[in-house]
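In structure tokens, one chain follows: the form predicted alone.
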Amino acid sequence: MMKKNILCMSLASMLFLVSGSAYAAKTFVYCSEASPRTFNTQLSDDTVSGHASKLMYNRLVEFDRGGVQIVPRLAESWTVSDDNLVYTFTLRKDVKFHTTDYFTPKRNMNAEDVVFSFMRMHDKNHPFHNVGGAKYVFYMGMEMPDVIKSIEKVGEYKVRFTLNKPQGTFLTNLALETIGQILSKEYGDQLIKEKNKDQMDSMPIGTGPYAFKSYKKDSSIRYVAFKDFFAESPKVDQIVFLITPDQTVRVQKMIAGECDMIAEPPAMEYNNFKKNPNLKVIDGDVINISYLAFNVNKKPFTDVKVRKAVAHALNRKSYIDAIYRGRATVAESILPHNMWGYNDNLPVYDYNIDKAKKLLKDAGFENGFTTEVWALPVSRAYNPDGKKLAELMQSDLAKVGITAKIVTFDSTTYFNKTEEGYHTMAQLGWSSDNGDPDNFVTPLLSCASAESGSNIAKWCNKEFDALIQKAQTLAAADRAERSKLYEQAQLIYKNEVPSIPIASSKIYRVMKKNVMGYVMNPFGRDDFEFIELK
């Protein structure tokens, strides 16, 4: 009889573990929209990888919870020289790295880990620089190799950054997951001995509140609470990402109670979720933009007349109701209208078929041409339905003689191909990472980011670049002068039309009523550090 009871318990446990909707009481289930490209966002700036990595890492400085103010994190304090060229950080001494079944740390986090993490991106001779393809999109796109002169250990718990030139956004850039997250040098040394360096980014080790447990591509990611986390202890034992690319399926899972929260809830379901007594909805304002980027190196989009013709051909106002259900405004610049530094005196490309046709005729395309429009494959607040938006664009372009084939891929392939410039026209968007205009103009439009990949328009304008580089060198507090420079840069952007701004949207999140501790991130990223289940 005893053996029979043990067998029954074992079967029940197995069913409990494999059931799609049955999880432990202290497990938070997040239905995410895609598989991550990497578990190290130094290698990728996409939102999915950001969410998948954020739980596991910390940075020297971070943004305050739900805000935009810089606060100490792995660094307990820092000093800045009078000429704004030397930043010296004093590190916490009580920070442990994750212990897993594949790594056991023998020491706490120290200055060696900080230097190791930054030099991986900065130094081409670093043993891990080429691991993962050496494509540090954001670090390169933000021109950090030109900004940083040296990174040095000046004590076991002290690190010094010396800059080539002042940069008003230096601290906020260090707070970004795509630049500042700290890896374990000790783990790196172990992987070098094991001749298994690729494991650094696929089986990660960090200092964050949750440690990596397992990943099954296109299925799930599992994290476990890190009991030795240096800050407030995690409130749930496990976090599970159920990878659910289909937006409709995510909604169904949310309603059925299979998810505690879902990624990118669709605008069209907002009112239904609000009425559901088992769910709660949190509204938030974020700084975001969606756009249609041209590859300006590919004909016929090398011609600004053609780019302007497309801008006049798109009925962007009609997209607000059809795609965003009214929860957005038409955008007119690469900077959102609610971002400081926004220029509200820019030329507007109104919906005008006659103007579009005349511009095409002047460019030698009186009978139009055939091209492609790439549709964003994942739902985003800035673009809730890439396929439907592409269909509307396709219909608008047909009215002026442009035949546009709709193309899309899985999310990883889509982002890789757009970064490499395979497209002619492609949908993309951006949400602010740090509340500074530079966070839009540099990664999306600078010459450096055209090379690194985040500037998928592949547009490089020297006059534009000079303006934004000058704005970078000014102190963060010198907002008025920086605003003038960004306003001038936006005018160049609107006259050259490397991309067409589509919309800036509102966002919301939906979750079960027993989910506590979630605070809307002003940058549109989901933060689960303080999540608990009532």
Partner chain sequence: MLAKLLIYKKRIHDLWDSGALDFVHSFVQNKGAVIGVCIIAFYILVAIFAPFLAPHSPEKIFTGQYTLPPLWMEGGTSQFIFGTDDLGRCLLSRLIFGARISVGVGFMVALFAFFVGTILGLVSGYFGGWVDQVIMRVTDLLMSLPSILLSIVVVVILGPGIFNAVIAVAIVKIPNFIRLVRASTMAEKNKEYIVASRTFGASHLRQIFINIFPNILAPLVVQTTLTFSDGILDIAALGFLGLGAQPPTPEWGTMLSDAKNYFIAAPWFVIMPGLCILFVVLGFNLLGDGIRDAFDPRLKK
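Every value quoted in this text rests on a predicted model; they were computed, and no experiment measured them. Numbering follows the first chain given and starts at 1. Rigid core here is just the name for the largest C-alpha set that superposes within 1.5 Å across the two forms.
The protein also exists as the form predicted in complex with its partner chain; that form is not presented, and the subsequent description refers to it.
Student: Spell out, yes or no, whether the shortest heavy atom distance between Q252 and its partner chain in the predicted bound form is within 4.5 Å.
Tutor: Yes, Q252 sits close enough to its partner chain in the predicted bound form that at least one of its heavy atoms falls within 4.5 Å.
Student: With a cut-off of 4.5 Å between heavy atoms, is I192 one of the residues that contacts its partner chain in the predicted bound form?
Tutor: Residue-level check for I192: no, no contact with its partner chain.
Student: Using the partner position in the predicted bound form, report whether L392 sits within 4.5 Å of its partner chain, counting heavy atoms only.
Tutor: Because a heavy atom of L392 falls inside 4.5 Å of its partner chain in the predicted bound form, the answer is yes.
Student: Any chance K197 has a heavy atom within 4.5 Å of its partner chain in the predicted bound form?
Tutor: Heavy-atom contact with its partner chain at 4.5 Å: absent for K197.
Student: Within 4.5 Å, heavy atoms only, which of T99, T248, T302, S81 is in contact with its partner chain in the predicted bound form?
Tutor: Only one listed residue qualifies here, and that residue is T248.
Student: Which listed residue (A111, I287, L397, I323) meets the criterion of a heavy atom within 4.5 Å of its partner chain in the predicted bound form?
Tutor: Of the candidates A111, I287, L397, I323, I323 is the one lying within 4.5 Å of its partner chain in the predicted bound form.
Student: Which one, 310 to 318, 334 to 342, 162 to 170, 69 to 77, holds residues whose non-hydrogen atoms are within 4.5 Å of its partner chain in the predicted bound form?
Tutor: Selected range: 310 to 318.
Student: Candidate spot E269, N272 and K388, all three in 4.5 Å heavy atom range of its partner chain in the predicted bound form?
Tutor: Answer is yes for this spot.
Student: Judged by heavy atom distances of 4.5 Å or less, which residues of 424 to 462 approach its partner chain in the predicted bound form?
Tutor: Residues within 4.5 Å: none in this stretch.
Student: Core aligned, does the CA of L392 move at least 2 Å between the shown form and the other one?
Tutor: True for L392: a C-alpha shift of 2 Å or more.
Student: Superposing on the rigid core, is the CA of I323 displaced by 2 Å or more between the shown form and the other one?
Tutor: Result for I323: yes, a 2 Å-plus shift.
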